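First, one chain by itself in structure tokens, the form predicted on its own.
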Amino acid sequence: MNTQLFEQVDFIENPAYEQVITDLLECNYAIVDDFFSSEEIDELRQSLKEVYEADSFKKAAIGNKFNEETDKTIRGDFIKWINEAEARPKERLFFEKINDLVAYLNRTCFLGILQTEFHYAIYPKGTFYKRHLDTFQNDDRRKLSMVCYLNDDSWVASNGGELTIYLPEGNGERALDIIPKPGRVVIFESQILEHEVKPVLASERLSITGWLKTR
């Protein structure tokens, strides 16, 4: 029996995922404003706040586990790593959607994503993350970076905290400022696009940030 044929027949094209793939191929980044529903974002925001109130967040460091240091002149956010094996009930829906996207990307683009890593992130007023790449000299497994914004509906552009992606353009580059709107998901090439988080001018910038990794 040709099982491969049956797998192809069972395949259902996902227009939203196809748009992500198109944008990544053409621009090296994609912005999706309806990846999660407003109800799902509300639940994830509540989960983040519950974990934060339990005082389990820590000051974010730079570098990986082999070369990690905390430098508030480079980044000022607080993070809490989350993983699927220990996911709280409200976090499971997040991992379900991420796993669905990963399976689709692997099947259609042969990206070879084998692992994911995500953390909650809170940027209090006055904090930022200077320009950088999401890869390390001794670890290049990060393929795609993802940010899911968990701010509530009261968030306004004047609060700051934009994600700025630097895009090659001609002989120079263009800075793309992305407002952290509630529910917005940004996906971009980890090893290609430098980026930064602009200073938060008011309120707190809430997100889940992470990476899809190879090998």
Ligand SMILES: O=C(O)CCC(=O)C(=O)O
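Residue positions are given as counts along the sequence shown, with the first one as 1. All values derive from a computational prediction rather than experimental measurement.
Beyond what is shown, the protein has a form predicted in complex with this ligand; the following relates to that form.
*Asks:* Using the spot this ligand takes in the predicted complex, and overlaying the site C-alphas onto this chain, is the pocket open or blocked (blocked: 3 or more ligand atoms within 2.4 Å of backbone or C-beta atoms)?
*Replies:* Pocket open on this form.
*Asks:* Using 4.5 Å between non-hydrogen atoms, is Arg75 touching this ligand in the predicted complex?
*Replies:* Contact with this ligand, yes.
*Asks:* Would Arg107 show up as a contact with this ligand in the predicted complex if we use heavy atoms at 4.5 Å?
*Replies:* Judged by the heavy-atom cut-off of 4.5 Å, Arg107 is well away from this ligand in the predicted complex.
*Asks:* Given that this ligand is not shown alongside this chain, does Val147 nevertheless sit within 4.5 Å of it in the predicted complex, heavy atom to heavy atom?
*Replies:* Close contact exists here: in the predicted complex, Val147 approaches this ligand to within 4.5 Å, heavy atoms only.
*Asks:* Classify Leu163 as contacting or not contacting this ligand in the predicted complex by the rule of any non-hydrogen atom within 4.5 angstroms, answering yes or no.
*Replies:* Within the cut-off, so yes.
*Asks:* Taking this ligand in the predicted complex, would Phe94, Thr116 and Leu212 all count as contacting it (heavy atom within 4.5 Å)?
*Replies:* The answer is no: none of the three residues contacts the partner (heavy atom, 4.5 Å cut-off).
*Asks:* Enumerate the residues of 176-215 that have a non-hydrogen atom within 4.5 Å of this ligand in the predicted complex, in sequence order, or give none.
*Replies:* Contacts from 176-215: His195, Val197, Arg205, Ser207, Thr209, Trp211.
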